[in-house]
Every structure is written in C-alpha cells, then in structure tokens.
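Given as structure tokens, the chain that follows is alone and in the form predicted alone.
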C-alpha cells in the first residue's frame, strides 16, 4: 500500500525537511519551504513508474547485454572520452563556459548521428531561425535532425513519448533554461534544474533513449545548479578552453561506462569544431627554434601524453616588487619552483619580472611539467638556448631532486615519435643541477 506524508521542500535550493521551519538549513533563505505531499510507495508514484519491465529479480549471468549498445557521435575524439560512444539509455551532461562551442559540438554530432538514427534537438535558449543560421554556417543540412523550441518540461516529455520509437537520441540545450510545473521556483534555480533533469532522465531511460544535457558553468567554475545534478547523470564532460585560443579540450569527469582519464582535443574553425587526432604534432608545428626560454615537455592530459612547449620570459624589473605572471600552470607552483631554483642551484629571480606560458592555451595540472618550467626559466635568465631536440619532464621537489612521474615510457615514445632525440627526466638527471648541465645551461 502507498502512504502519503507531508514534507517541506525549499524552492530556492530544493532541500527537503520533515517539518516546516522559517529558515532553510541548506541555503539559509527565509520563507522558502513549501508544503508537498510525497507518496512513499514507489509502485504508486506516477513519476517513477516501471522502467525495467521485469517482474522479479534476475541473476547477473541471466542479464542480456545488447552488443550494439553504443552510438558513435561521428567524432573519434568525442567517442574516446565517452568510452566508445553514447550508451543507450544513458544521460550525459556536457558542461562548459559560454562561447566555447558546446552547442556547436552537439549540433555537429547530431548531424553525424542522424545519418543512422533520427535526433531530437530541444532548443530551450534559441528559436528555430537561430539554429538554422548555425547549421548553415556549419554546412549542416540534415532532415533527420528534428528541432523543437520549448522550455516546458511537460510539453517536452509529451513530445518524447509521442515520437520515442522514431528517434535515437535526445539533446537538451540547455537544462538551466527548462521549467517544470512541479516546482514553484524560477527557471534555472536548483530545484528546477534538479526536477527537469530527473524527469527527463527517467523518461529517456524508460524508452531506451540516450539523453545529452548541456550545462553552463558559473564564475566559480562549477556547473550552474545543484551539485547533485552530477549524481543524476551517468557521464559528466567538461569542454575547456580560452576564448582567445582555438584549442578546446573535452575532459571526462565522471563516466559509468568508461575511463575518466581520456581527453579529446578539438580546434575551433570557421565550420565548427574540428578534431585533432595527433595534438602533439599540432602543438609543435608553430614552434620557433633557437630562442632562449623555450623548452618542450611531455605532459599527461588524463591518460594521454601530449608534447607542449613551455615558454618563459625573464626581464629586469624597475619596481620594488617584480611581476609574476603565468598562463597554463598554477601561480603558486611557479613561486615554489622559483624558490627551489634560488635555494638549490643559486639562480636569483628577485630582481626580475617572470612570465611563463604553456603554448596552445592548454592548462596543465600535473607536476610532470615542473622540470621543463625550471629549464625554461634558467634558459631565459642566462640567455642560453636549449637544443630544439631536447624534451624534458619530471616533478621537481623542494630539495631540488627530480622525481619520476607516471607513464614515463609512453611519454618517451610520444616525444621520440614527434622528433625529439634527447629526453631529460629523472632517469638521466636525479637533481635539478644535473638537468641544467644536460640542457647546456
């Protein structure tokens, strides 16, 4: 039997409480708790219904797995991050900052998928004319991409139920723009985002349809909406990049069907996003040789080794407090490396402005780039050129030692394939002083 109980839900953040109180214990807002009726028996909950279609529990060995359970997006780099393609009945959240190309990437993928299966593209932030302008710019003319402009979750759900047998994928652009009648809060609020994502996810699972949601990034770098939104979906992808750079990285943060160590590399062009199958060659193509302060390094983006160039400029400062500016690595990491260089090898940067940049607009979070940064700083300070055939990687400790990093063999193989004949790492140089000698600084 079902049982109805009274609960109180915050219209601001969606927090649930068993009793009414003036102030929400989660977000701290006053007067936002609304009274709701909740049915405790799942079988009587009209929203959940029955998804699996089985009347009894079965053993794991008896469950049949469809061999063709993934749908290719048409992009090798996109499929790489997904683990081989979009899994049927899965929910994928694609998040990223404004203007990076989330909608462009999904419209291109929808056009490629539509050659096999029809795609329903829900545009919640644009009208059909704007979608048409983008498709014309991307040279997309596909009859199997169905565009529907709507923000009401109930209307969207009805449409999906009506045409579910005829479509193979649903795209929602974006989840923050949808509005559900089951929530009294405004569109884009935590409660609305969670309600819309939950309803659409359960509906698509019932019809074995893959669902891709577009999510926006706020100033703090988090996905707009509740953190629990990431727990409602099966895959979370981040599209990263700088507005002034044409390089885009598609990074997996959560994946129930594959590894989160894969990274896809794209380039924003006139006709949308173009995948870069060999990014190391692309990053080294524009490298200027025989210039002090430039050192190649092999870094890991997920599980993928990439060859990048570390650039440094050290110039005399006319101010009491010299400038420290970094692009691509953490600021505090640079300060630590400057301190190690001064204390362990006697290179003093206290009267110099220091600028460090990772070419290509890539952000490096792993410590394997430390050694290349130190060599680039020393090269610029002493105005000595590092041989263009040298690539360096390794973590630099506070004692000046060079430490081993993960996947050293793969890094050496990639560097050799690109054309580097001499590799400086912990195997050849146990400390920073030896590394500087090997680099000829």
Ligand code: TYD
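Numbering follows the first chain given and starts at 1. Because the structure is predicted, anything quoted here is derived from the model rather than measured.
Missing here is the form predicted together with the ligand; even so, the following discussion is about that form.
K.L.:
Within 4.5 Å of the ligand in the predicted bound form, heavy atoms considered, which of 99, 165, 316, 129?
P.N.:
The residue from 99, 165, 316, 129 that makes the contact is 99.
K.L.:
Of these, 293, 241, 272, 305, which has a heavy atom no more than 4.5 Å from the ligand in the predicted bound form?
P.N.:
Comparing distances to the ligand in the predicted bound form, the residue within 4.5 Å is 272.
K.L.:
Does the ligand come within 4.5 Å of any heavy atom of residue 363 in the predicted bound form?
P.N.:
Contact with the ligand, no.
K.L.:
Taking any heavy atom pair closer than or equal to 4.5 Å as contact, tell me whether residue 104 reaches the ligand in the predicted bound form.
P.N.:
Yes, residue 104 sits close enough to the ligand in the predicted bound form that at least one of its heavy atoms falls within 4.5 Å.
K.L.:
Although the ligand is absent from this view, report whether residue 134 comes within 4.5 Å of it in the predicted bound form, heavy atoms only.
P.N.:
Looking in the predicted bound form, residue contacts with the ligand include residue 134, since a heavy atom lies within 4.5 Å.
K.L.:
At 4.5 Å between heavy atoms, is residue 116 in contact with the ligand in the predicted bound form?
P.N.:
Flag for residue 116 set to no.
K.L.:
For the chain seen here without its partner, which of 264 to 272, 184 to 192, 352 to 360, 151 to 159 has a heavy atom within 4.5 Å of the ligand in the predicted bound form?
P.N.:
Among the candidates, contact is made by 264 to 272.
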